[in-house]
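Encoded as structure tokens, the following chain is the form predicted on its own, with no partner shown.
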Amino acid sequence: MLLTVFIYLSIVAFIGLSLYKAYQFANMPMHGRWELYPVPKEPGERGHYGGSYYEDLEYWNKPREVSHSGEIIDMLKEMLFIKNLFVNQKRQWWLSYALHLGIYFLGLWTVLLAVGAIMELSGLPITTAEGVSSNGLASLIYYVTLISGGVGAILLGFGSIALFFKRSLNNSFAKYTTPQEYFNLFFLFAVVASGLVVWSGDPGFNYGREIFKALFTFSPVAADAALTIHILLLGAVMIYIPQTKMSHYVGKYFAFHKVLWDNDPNIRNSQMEGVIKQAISYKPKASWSAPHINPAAGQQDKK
């Protein structure tokens, strides 16, 4: 039962820490307002060629149109396909996208395992003593689960270890890679490697559906040594990820919506005016430690 409790805690920790990270991003002080164009929320051609509603005469007296669909589409291009990396550094994109695509496939695999577990609890088996169920829907769930899990694990394993060695052996990358980044990539690879060991003994991922059935029914998870190690590593990485730079899955929305594309006008008595006044009055809590800053001089100025 301890293993079941650990799985519950890791899921709750992942969701809770991710939400807390989103709360931190949402409450950060206002950014520098660079207003980098093109901004996809500008409707029509302006969103493509880099124009702005600021071009209109007396724009402050005219109703403003915002294309939320354009913003969402452009954001999804980055989140799902890592568009900017592809445009600027294609060689790096292949490895990075293999890692990310592997995560997407494993996300689908997790959902399918949960669906399969619910179906089996409802009396519709995914597999039988003779093999795969003859039911059309059950067999579809089985094979899509098999493909998404296998492809996801291989891509994530390849992407993580390939990026690890590229950052280690390429001098240009090694200069800017921190020890934590090496650890992050190796941690992901270790989780995948342990999962592949478990998968080798159960190619149909039946163990995954059994785990979900135990979670749904608040029952003990039955696991051998290999599966126990995999569950512990997977739970640990779920707790770890939201506390590191890998939590950019939360920050991307804020980086685009509130930094790159925030071109709301600063008009008298507007909401933006209030936000800017609050930002101007913000006093950072951290002290300067740069060698060109003299803390003592600053204290004297205050006196």
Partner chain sequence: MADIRPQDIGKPSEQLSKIENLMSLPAPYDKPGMEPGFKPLKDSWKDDYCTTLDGFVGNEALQRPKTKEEEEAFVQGFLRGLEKLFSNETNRNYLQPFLLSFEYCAKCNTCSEACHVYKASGEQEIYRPIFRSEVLRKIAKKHMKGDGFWTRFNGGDIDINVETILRLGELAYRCNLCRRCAQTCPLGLDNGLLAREIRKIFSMELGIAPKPLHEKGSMLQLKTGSSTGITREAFLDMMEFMEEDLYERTGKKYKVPIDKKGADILLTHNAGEFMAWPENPAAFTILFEEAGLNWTLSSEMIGYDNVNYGLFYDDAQTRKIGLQQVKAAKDLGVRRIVVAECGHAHKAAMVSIDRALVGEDNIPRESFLPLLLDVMKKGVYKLDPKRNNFPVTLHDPCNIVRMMGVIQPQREIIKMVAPQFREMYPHGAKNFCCGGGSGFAIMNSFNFPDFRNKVSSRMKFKQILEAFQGVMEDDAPKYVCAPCSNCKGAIRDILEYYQATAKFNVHYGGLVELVVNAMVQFDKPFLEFLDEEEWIAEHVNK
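C-alpha atoms forming the largest set that superposes within 1.5 Å between two forms make up the rigid core. Computed from a predicted structure; not experimentally measured. Numbering follows the first chain given and starts at 1.
Absent from the display: the form predicted in complex with its partner chain. The rest refers to it.
You can rule out all but one of 141 to 149, 107 to 115, 87 to 95, 201 to 209: in the predicted bound form, only 87 to 95 has residues with a heavy atom within 4.5 Å of its partner chain. In the predicted bound form, its partner chain lies within 4.5 Å of some heavy atom of L260.
Although the partner is absent here, N171 is a contact residue: one of its heavy atoms lies within 4.5 angstroms of its partner chain in the predicted bound form. Not displayed here, its partner chain is approached by E55 to within 4.5 Å at the level of heavy atoms in the predicted bound form.
The shortest heavy atom separation between P220 and its partner chain in the predicted bound form exceeds 4.5 Å. With the partner removed from view, the residue among G136, P179, G131, G123 that has a non-hydrogen atom within 4.5 Å of its partner chain in the predicted bound form turns out to be P179.
Of all the residues from 60 to 82, those having a non-hydrogen atom no more than 4.5 Å from its partner chain in the predicted bound form are W60, N61, E78, I82. With the core held fixed, K245 shows a CA shift below 2 Å between this form and the one not shown. For A279, a C-alpha deviation of 2 angstroms or more is recorded between this form and the one not shown after rigid-core alignment. When two forms of a protein are overlaid on their rigid core, residues whose CA moves 2 Å or more are considered shifted, and A236 is not one of them between this form and the one not shown.
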